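Take a look at this single chain, the form predicted on its own, given in structure tokens.
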Amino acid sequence: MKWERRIAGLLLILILLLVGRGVWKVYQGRMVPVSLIEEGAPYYPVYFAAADSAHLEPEFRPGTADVAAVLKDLLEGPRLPGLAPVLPPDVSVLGYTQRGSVLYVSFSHHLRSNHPGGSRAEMLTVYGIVNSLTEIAGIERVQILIEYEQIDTLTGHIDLGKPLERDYSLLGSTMI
């Protein structure tokens, strides 16, 4: 009977250690448990490239999302370590307008000229922009423009000739 209690106690301690380790790893991996986010406070996601540049990860910003705030956040880049910007250096937003559920955003030529190229990098840039902006109520599609002109593609891999809908296939996790 005594040895059964000891084994049960050891198993309980082992389970608590494993659970604690898992929560710590989740916290270190930037997947903050919901209990650590202030209840009732509004947050919105802005999508940035993961350190491995293979997928997008959301970084939650406090406040209510609007176009100006999300574009500012994308230009500013991530605040968390382990995330990388989706916009190349020196990019600026020249303007934006919304028609119905489509948002038209014009970027400076740096979006194309300073882009590193490659299909994956282009996907991260395009869907970092599109996924972030379509989180805003009333925006379902985004048309990316350069210098107020419609373009066929950014670096040759994604058709930008029409407005794009959000695509979560690039997300590295289902924990949002």
Partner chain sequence: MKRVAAAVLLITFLLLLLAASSLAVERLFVGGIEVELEEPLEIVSGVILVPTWLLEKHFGGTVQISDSRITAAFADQTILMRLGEKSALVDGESHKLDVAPQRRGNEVLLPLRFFADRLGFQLVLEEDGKVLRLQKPSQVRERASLFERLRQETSWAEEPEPVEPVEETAQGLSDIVYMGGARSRVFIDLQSYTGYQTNLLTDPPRLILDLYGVEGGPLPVVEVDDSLLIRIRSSRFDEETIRLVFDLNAASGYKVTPWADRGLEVEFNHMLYAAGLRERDGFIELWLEASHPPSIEAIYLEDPQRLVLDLQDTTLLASVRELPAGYERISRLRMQQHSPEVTRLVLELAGPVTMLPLQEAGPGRYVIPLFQGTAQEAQRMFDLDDFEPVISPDFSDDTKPVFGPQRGEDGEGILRGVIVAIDPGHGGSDPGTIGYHGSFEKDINLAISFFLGKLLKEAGAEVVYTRDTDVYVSIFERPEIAVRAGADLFISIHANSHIKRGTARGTETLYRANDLVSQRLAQLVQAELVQAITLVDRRIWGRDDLAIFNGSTIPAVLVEVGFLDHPDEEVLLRAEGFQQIAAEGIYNGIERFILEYFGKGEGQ
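Quick caveat, the model's predicted, so the values are computed rather than measured. Numbering follows the first chain given and starts at 1.
Below: the form predicted in complex with its partner chain, not depicted.
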{"query": "Contact flag, P62 vs its partner chain in the predicted complex, heavy atom cut 4.5 Å", "finding": "no"}
{"query": "Touches its partner chain in the predicted complex: G118 (any heavy atom, 4.5 Å)", "finding": "yes"}
{"query": "In the predicted complex, R141 touching its partner chain (heavy atom, 4.5 Å)", "finding": "no"}
{"query": "Partner contact for T134 in the predicted complex: its partner chain, 4.5 angstroms, heavy atom", "finding": "no"}
{"query": "Partner contacts for 96 to 128, taking its partner chain in the predicted complex and a 4.5 Å heavy atom cut-off", "finding": "H109, H110, R112, S113, N114, H115, P116, G117, G118, S119, R120, A121, M123, L124, T125, Y127"}
